[in-house]
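Presented as C-alpha coordinates, the chain that follows is alone, the form predicted on its own.
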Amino acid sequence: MDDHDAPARLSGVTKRYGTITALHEVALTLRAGETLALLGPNGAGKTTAIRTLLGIITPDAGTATLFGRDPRSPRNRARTGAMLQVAGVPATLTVSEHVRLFASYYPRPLPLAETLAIAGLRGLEHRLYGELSGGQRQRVAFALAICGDPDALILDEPTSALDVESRLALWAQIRAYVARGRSVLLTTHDLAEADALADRIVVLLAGQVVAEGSSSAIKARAGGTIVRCSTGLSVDQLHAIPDVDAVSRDGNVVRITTRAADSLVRALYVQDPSFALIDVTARPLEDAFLALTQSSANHAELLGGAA
(Lines give C-alpha, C1' and ligand atoms only; values in the text may rest on other atoms or scores of the structure.)
Protein backbone atom coordinates (compact mmCIF):
# COMPACT_ATOMS: atom_id res chain seq x y z
CA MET A 1 0.00 0.00 0.00
CA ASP A 2 1.49 3.36 -1.02
CA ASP A 3 0.75 6.68 0.69
CA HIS A 4 -2.04 7.36 -1.80
CA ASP A 5 -3.97 4.41 -0.34
CA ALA A 6 -2.81 5.06 3.23
CA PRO A 7 -5.33 4.23 5.97
CA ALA A 8 -5.76 7.93 6.73
CA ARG A 9 -4.40 11.07 5.11
CA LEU A 10 -4.79 14.84 5.22
CA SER A 11 -3.34 16.72 2.24
CA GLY A 12 -2.96 20.49 2.60
CA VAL A 13 -6.05 20.74 4.79
CA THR A 14 -7.28 24.11 6.00
CA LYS A 15 -10.36 24.48 8.19
CA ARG A 16 -11.76 27.74 9.54
CA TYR A 17 -14.49 28.51 12.04
CA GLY A 18 -15.39 32.12 11.31
CA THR A 19 -12.24 34.15 11.93
CA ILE A 20 -10.47 31.24 13.67
CA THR A 21 -8.22 29.01 11.59
CA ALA A 22 -8.29 25.58 13.27
CA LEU A 23 -6.06 23.91 10.66
CA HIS A 24 -3.73 25.58 8.17
CA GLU A 25 -2.39 23.54 5.23
CA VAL A 26 -1.95 20.43 7.39
CA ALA A 27 -0.39 17.35 5.80
CA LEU A 28 -0.60 14.13 7.80
CA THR A 29 -0.39 10.46 6.80
CA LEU A 30 -1.17 7.35 8.83
CA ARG A 31 0.72 4.47 7.25
CA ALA A 32 -0.25 0.81 7.27
CA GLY A 33 0.94 -1.10 10.32
CA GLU A 34 1.97 1.89 12.43
CA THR A 35 0.84 3.88 15.43
CA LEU A 36 0.85 7.64 14.85
CA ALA A 37 0.41 10.01 17.80
CA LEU A 38 -0.99 13.49 17.27
CA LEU A 39 0.20 15.82 20.02
CA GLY A 40 -0.50 19.45 20.78
CA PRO A 41 -1.80 21.75 23.50
CA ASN A 42 -5.50 22.50 23.87
CA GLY A 43 -6.76 24.35 20.82
CA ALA A 44 -3.96 23.08 18.58
CA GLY A 45 -6.41 21.51 16.10
CA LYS A 46 -6.15 17.83 17.03
CA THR A 47 -9.89 17.16 17.29
CA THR A 48 -10.58 19.12 14.10
CA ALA A 49 -8.00 16.97 12.31
CA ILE A 50 -9.65 13.78 13.59
CA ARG A 51 -13.16 14.91 12.65
CA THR A 52 -11.95 15.93 9.18
CA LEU A 53 -10.30 12.55 8.62
CA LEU A 54 -13.53 10.81 9.56
CA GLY A 55 -15.61 12.95 7.20
CA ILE A 56 -17.59 14.49 10.05
CA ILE A 57 -16.60 17.97 8.89
CA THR A 58 -15.52 19.17 5.45
CA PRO A 59 -12.26 21.12 5.01
CA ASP A 60 -12.27 24.57 3.43
CA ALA A 61 -9.22 23.56 1.38
CA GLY A 62 -7.26 20.36 0.82
CA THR A 63 -8.47 16.78 0.99
CA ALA A 64 -9.05 14.07 3.58
CA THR A 65 -9.03 10.38 2.64
CA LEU A 66 -9.42 6.99 4.25
CA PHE A 67 -7.72 4.21 2.31
CA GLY A 68 -7.29 6.61 -0.60
CA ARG A 69 -10.99 7.43 -0.91
CA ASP A 70 -13.74 9.64 0.46
CA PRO A 71 -13.96 9.10 4.24
CA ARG A 72 -17.76 9.34 4.05
CA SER A 73 -18.14 6.24 1.86
CA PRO A 74 -19.77 3.28 3.66
CA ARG A 75 -16.98 0.95 2.52
CA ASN A 76 -14.29 3.07 4.15
CA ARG A 77 -16.29 3.63 7.30
CA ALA A 78 -16.67 -0.15 7.62
CA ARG A 79 -12.85 -0.42 7.63
CA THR A 80 -12.39 2.25 10.30
CA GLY A 81 -13.12 2.28 14.02
CA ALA A 82 -13.30 5.54 15.95
CA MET A 83 -13.23 6.46 19.61
CA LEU A 84 -14.26 10.09 20.03
CA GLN A 85 -14.94 12.41 22.94
CA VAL A 86 -18.73 12.45 22.65
CA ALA A 87 -21.71 12.75 24.97
CA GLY A 88 -25.31 11.62 24.67
CA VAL A 89 -24.74 7.84 24.74
CA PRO A 90 -28.05 6.20 25.77
CA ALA A 91 -27.85 5.49 29.49
CA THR A 92 -30.59 2.84 29.50
CA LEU A 93 -28.84 0.29 27.25
CA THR A 94 -26.55 -2.35 28.73
CA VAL A 95 -22.92 -2.74 27.74
CA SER A 96 -23.72 -5.79 25.61
CA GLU A 97 -26.61 -4.02 23.90
CA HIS A 98 -24.35 -1.11 22.95
CA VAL A 99 -21.67 -3.39 21.52
CA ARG A 100 -24.15 -5.57 19.61
CA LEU A 101 -25.76 -2.47 18.09
CA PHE A 102 -22.46 -1.03 16.86
CA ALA A 103 -21.21 -4.42 15.68
CA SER A 104 -24.29 -4.75 13.47
CA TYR A 105 -23.00 -1.85 11.33
CA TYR A 106 -19.97 -3.88 10.19
CA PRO A 107 -19.86 -6.76 7.68
CA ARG A 108 -17.53 -9.00 9.72
CA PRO A 109 -17.57 -7.92 13.37
CA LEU A 110 -15.67 -9.59 16.17
CA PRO A 111 -17.61 -12.01 18.39
CA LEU A 112 -19.20 -10.20 21.31
CA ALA A 113 -17.18 -12.14 23.90
CA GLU A 114 -13.91 -11.27 22.17
CA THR A 115 -14.74 -7.57 22.02
CA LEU A 116 -15.68 -7.51 25.71
CA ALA A 117 -12.47 -9.34 26.64
CA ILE A 118 -10.22 -7.03 24.63
CA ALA A 119 -11.86 -3.92 26.13
CA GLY A 120 -11.72 -5.26 29.69
CA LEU A 121 -15.51 -5.38 30.05
CA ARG A 122 -16.09 -8.98 31.07
CA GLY A 123 -18.42 -9.04 34.05
CA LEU A 124 -20.04 -5.75 33.02
CA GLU A 125 -22.07 -7.15 30.11
CA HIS A 126 -25.45 -6.57 31.76
CA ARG A 127 -24.62 -3.28 33.48
CA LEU A 128 -26.55 -0.24 32.25
CA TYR A 129 -24.33 2.36 30.61
CA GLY A 130 -25.72 5.02 32.95
CA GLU A 131 -24.45 3.06 35.96
CA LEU A 132 -20.83 2.88 34.75
CA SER A 133 -17.91 4.86 36.10
CA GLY A 134 -15.99 7.26 33.86
CA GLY A 135 -13.24 4.72 33.27
CA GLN A 136 -15.74 1.97 32.47
CA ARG A 137 -17.48 4.24 29.96
CA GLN A 138 -14.11 4.88 28.33
CA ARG A 139 -13.63 1.12 27.95
CA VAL A 140 -17.08 0.87 26.33
CA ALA A 141 -16.04 3.56 23.85
CA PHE A 142 -12.95 1.49 22.99
CA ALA A 143 -15.13 -1.62 22.57
CA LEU A 144 -17.36 0.24 20.12
CA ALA A 145 -14.27 1.30 18.15
CA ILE A 146 -12.89 -2.24 17.79
CA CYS A 147 -16.09 -4.33 17.59
CA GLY A 148 -16.14 -4.22 13.77
CA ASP A 149 -12.57 -5.57 13.54
CA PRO A 150 -11.50 -2.50 11.50
CA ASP A 151 -8.27 -2.06 9.56
CA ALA A 152 -7.62 1.33 11.15
CA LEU A 153 -8.42 2.80 14.55
CA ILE A 154 -8.72 6.53 15.21
CA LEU A 155 -8.63 7.20 18.93
CA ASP A 156 -9.22 10.61 20.52
CA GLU A 157 -7.74 10.66 24.04
CA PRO A 158 -8.29 6.90 24.51
CA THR A 159 -6.96 6.60 28.07
CA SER A 160 -8.50 9.66 29.70
CA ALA A 161 -10.37 8.69 32.90
CA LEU A 162 -8.58 5.31 33.07
CA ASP A 163 -6.63 4.19 36.11
CA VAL A 164 -3.02 3.04 35.72
CA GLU A 165 -3.87 -0.66 35.44
CA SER A 166 -6.57 -0.06 32.81
CA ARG A 167 -4.29 2.32 30.90
CA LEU A 168 -1.50 -0.25 30.68
CA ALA A 169 -4.00 -2.93 29.62
CA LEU A 170 -5.27 -0.69 26.82
CA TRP A 171 -1.70 0.01 25.69
CA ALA A 172 -1.15 -3.74 25.42
CA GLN A 173 -4.30 -4.14 23.32
CA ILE A 174 -3.25 -1.30 20.99
CA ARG A 175 0.17 -2.93 20.52
CA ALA A 176 -1.46 -6.31 19.80
CA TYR A 177 -3.82 -4.69 17.30
CA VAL A 178 -0.95 -3.05 15.39
CA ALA A 179 1.05 -6.30 15.50
CA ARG A 180 -1.72 -7.80 13.33
CA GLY A 181 -0.86 -5.30 10.58
CA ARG A 182 -3.50 -2.74 11.51
CA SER A 183 -3.00 1.03 11.98
CA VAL A 184 -3.72 3.41 14.86
CA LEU A 185 -3.94 7.20 14.95
CA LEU A 186 -4.33 8.57 18.46
CA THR A 187 -4.46 11.98 20.07
CA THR A 188 -3.25 12.21 23.62
CA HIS A 189 -2.14 14.65 26.30
CA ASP A 190 -0.16 11.83 27.94
CA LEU A 191 3.34 12.24 26.52
CA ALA A 192 4.46 9.00 28.17
CA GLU A 193 1.69 7.29 26.21
CA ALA A 194 2.95 8.71 22.92
CA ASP A 195 6.51 7.77 23.83
CA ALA A 196 5.47 4.21 24.68
CA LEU A 197 3.15 3.52 21.73
CA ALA A 198 3.92 5.69 18.72
CA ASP A 199 6.13 4.81 15.78
CA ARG A 200 5.81 8.43 14.68
CA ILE A 201 4.66 11.64 16.33
CA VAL A 202 3.14 14.74 14.74
CA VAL A 203 3.09 17.91 16.85
CA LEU A 204 0.36 20.47 16.09
CA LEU A 205 0.45 24.05 17.30
CA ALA A 206 -2.15 26.67 16.37
CA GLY A 207 -3.40 24.47 13.54
CA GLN A 208 0.00 23.86 11.94
CA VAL A 209 2.44 20.96 12.00
CA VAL A 210 5.58 22.11 13.84
CA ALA A 211 7.36 18.76 14.12
CA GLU A 212 7.08 15.22 12.80
CA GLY A 213 9.17 12.09 13.32
CA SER A 214 9.94 9.29 15.73
CA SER A 215 10.02 10.00 19.45
CA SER A 216 13.83 9.95 19.37
CA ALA A 217 13.88 12.34 16.41
CA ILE A 218 11.52 14.76 18.17
CA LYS A 219 13.73 14.67 21.25
CA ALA A 220 16.86 15.21 19.17
CA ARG A 221 15.35 18.17 17.36
CA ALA A 222 14.61 19.86 20.68
CA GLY A 223 17.98 19.08 22.23
CA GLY A 224 17.41 15.44 22.85
CA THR A 225 20.21 14.26 25.16
CA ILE A 226 21.19 15.06 28.73
CA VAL A 227 24.83 14.56 29.75
CA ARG A 228 25.60 14.50 33.49
CA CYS A 229 29.25 14.88 34.37
CA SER A 230 31.91 16.34 36.61
CA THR A 231 33.99 19.06 34.97
CA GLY A 232 36.18 21.98 35.90
CA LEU A 233 34.97 24.05 32.96
CA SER A 234 32.82 27.08 33.72
CA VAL A 235 29.21 27.41 32.59
CA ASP A 236 30.30 29.97 29.97
CA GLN A 237 32.97 27.59 28.63
CA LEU A 238 30.40 24.80 28.38
CA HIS A 239 27.93 27.05 26.55
CA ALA A 240 30.69 27.82 24.02
CA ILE A 241 30.83 24.15 22.93
CA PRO A 242 28.76 23.62 19.72
CA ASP A 243 25.21 22.20 20.06
CA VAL A 244 24.96 22.82 23.82
CA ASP A 245 21.46 24.13 24.58
CA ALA A 246 21.42 24.37 28.37
CA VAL A 247 23.76 23.98 31.34
CA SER A 248 22.92 23.71 35.03
CA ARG A 249 25.14 22.89 38.01
CA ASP A 250 24.19 21.05 41.20
CA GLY A 251 27.22 20.96 43.46
CA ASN A 252 29.96 19.09 41.63
CA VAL A 253 27.56 17.63 39.05
CA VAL A 254 26.85 19.48 35.79
CA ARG A 255 23.76 18.75 33.68
CA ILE A 256 24.18 19.61 29.99
CA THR A 257 21.40 19.44 27.40
CA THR A 258 22.76 18.88 23.89
CA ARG A 259 21.84 17.85 20.35
CA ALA A 260 25.20 16.13 19.83
CA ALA A 261 26.22 14.08 22.85
CA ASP A 262 29.14 12.26 21.19
CA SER A 263 30.89 15.42 20.02
CA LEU A 264 30.21 17.10 23.38
CA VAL A 265 31.84 14.28 25.33
CA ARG A 266 34.87 14.31 22.97
CA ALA A 267 35.23 18.08 23.43
CA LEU A 268 35.07 17.75 27.21
CA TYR A 269 37.76 15.07 27.25
CA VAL A 270 40.02 17.32 25.16
CA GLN A 271 39.39 20.57 27.05
CA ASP A 272 39.23 19.27 30.62
CA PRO A 273 41.68 16.62 31.96
CA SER A 274 39.52 16.37 35.12
CA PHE A 275 36.35 15.57 33.17
CA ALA A 276 34.41 12.50 34.39
CA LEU A 277 31.26 11.23 32.69
CA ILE A 278 28.40 10.17 34.99
CA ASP A 279 25.64 9.22 32.54
CA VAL A 280 23.97 10.06 29.23
CA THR A 281 20.17 9.88 28.96
CA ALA A 282 17.53 10.79 26.40
CA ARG A 283 15.70 14.01 27.10
CA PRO A 284 12.12 13.26 28.22
CA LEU A 285 9.54 13.67 25.46
CA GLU A 286 7.70 16.13 27.69
CA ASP A 287 10.73 18.46 27.73
CA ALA A 288 11.11 18.17 23.96
CA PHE A 289 7.40 18.84 23.40
CA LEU A 290 7.46 21.95 25.56
CA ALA A 291 10.62 23.21 23.87
CA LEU A 292 9.12 22.74 20.42
CA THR A 293 5.77 24.33 21.17
CA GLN A 294 7.29 27.26 23.07
CA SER A 295 9.90 27.98 20.39
CA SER A 296 7.25 27.73 17.65
CA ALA A 297 4.90 30.04 19.55
CA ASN A 298 7.70 32.56 20.11
CA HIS A 299 8.59 32.42 16.40
CA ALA A 300 4.95 33.05 15.46
CA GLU A 301 4.82 36.06 17.80
CA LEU A 302 7.98 37.49 16.23
CA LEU A 303 6.52 37.08 12.75
CA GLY A 304 3.28 38.68 13.88
CA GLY A 305 5.14 41.60 15.40
CA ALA A 306 7.12 42.12 12.21
CA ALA A 307 4.05 42.04 9.99
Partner chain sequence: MIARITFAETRAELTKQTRLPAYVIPTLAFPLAFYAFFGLAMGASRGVGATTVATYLLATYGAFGVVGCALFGFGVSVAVERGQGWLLVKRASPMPPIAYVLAKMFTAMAFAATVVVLLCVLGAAFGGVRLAPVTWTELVLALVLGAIPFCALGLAIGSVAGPNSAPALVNLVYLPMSFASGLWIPIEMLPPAVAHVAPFLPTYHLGQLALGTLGAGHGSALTHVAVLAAWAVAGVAAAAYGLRGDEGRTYG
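Everything quoted here is computed from the prediction, not taken from an experiment. Residue numbers count along the first chain shown, from 1.
This next part talks about the form predicted in complex with its partner chain, which is not shown.
* To do: State yes only if every one of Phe142, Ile146 and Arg167 has a non-hydrogen atom within 4.5 Å of its partner chain in the model of the complex; otherwise state no.
  => So, no: the whole triplet misses its partner chain.
* Looking in the model of the complex, any heavy atom of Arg9 within 4.5 Å of its partner chain? -> No - in the model of the complex, heavy atoms of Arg9 and its partner chain never come within 4.5 Å of each other.
* **Any non-hydrogen atom of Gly232 within 4.5 angstroms of its partner chain in the model of the complex** => It does not: once its partner chain is placed as it appears in the model of the complex, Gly232 has no heavy atom within 4.5 Å of it.
* Distance check, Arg51 to its partner chain in the model of the complex, heavy atom within 4.5 Å -> Result yes; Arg51 sits at the interface with its partner chain in the model of the complex.
* Asked: Quick one: does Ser104 come within 4.5 Å of its partner chain in the model of the complex, counting heavy atoms only?
  -> The answer is yes: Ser104 has a heavy atom within 4.5 Å of its partner chain.
* Segment assignment from 201 to 209, 187 to 195, 114 to 122, 92 to 100: heavy atom within 4.5 Å of its partner chain in the model of the complex -> Checking each option against the 4.5 Å cut-off leaves 92 to 100.
* Asked: From the list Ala161, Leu128, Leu110, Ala217, which entry has a heavy atom within 4.5 Å of its partner chain in the model of the complex?
  -> By the 4.5 Å criterion, the partner-contacting residue is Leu128.
* To do: Go through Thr58, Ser274, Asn252, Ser248 and name the one with a heavy atom inside 4.5 Å of its partner chain in the model of the complex.
  => Among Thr58, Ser274, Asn252, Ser248, a heavy atom within 4.5 Å of its partner chain in the model of the complex occurs only for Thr58.
* Asked: Can you name the residues of 62 to 83 that have a non-hydrogen atom within 4.5 angstroms of its partner chain in the model of the complex?
  -> Those in contact are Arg77, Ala78, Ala82.
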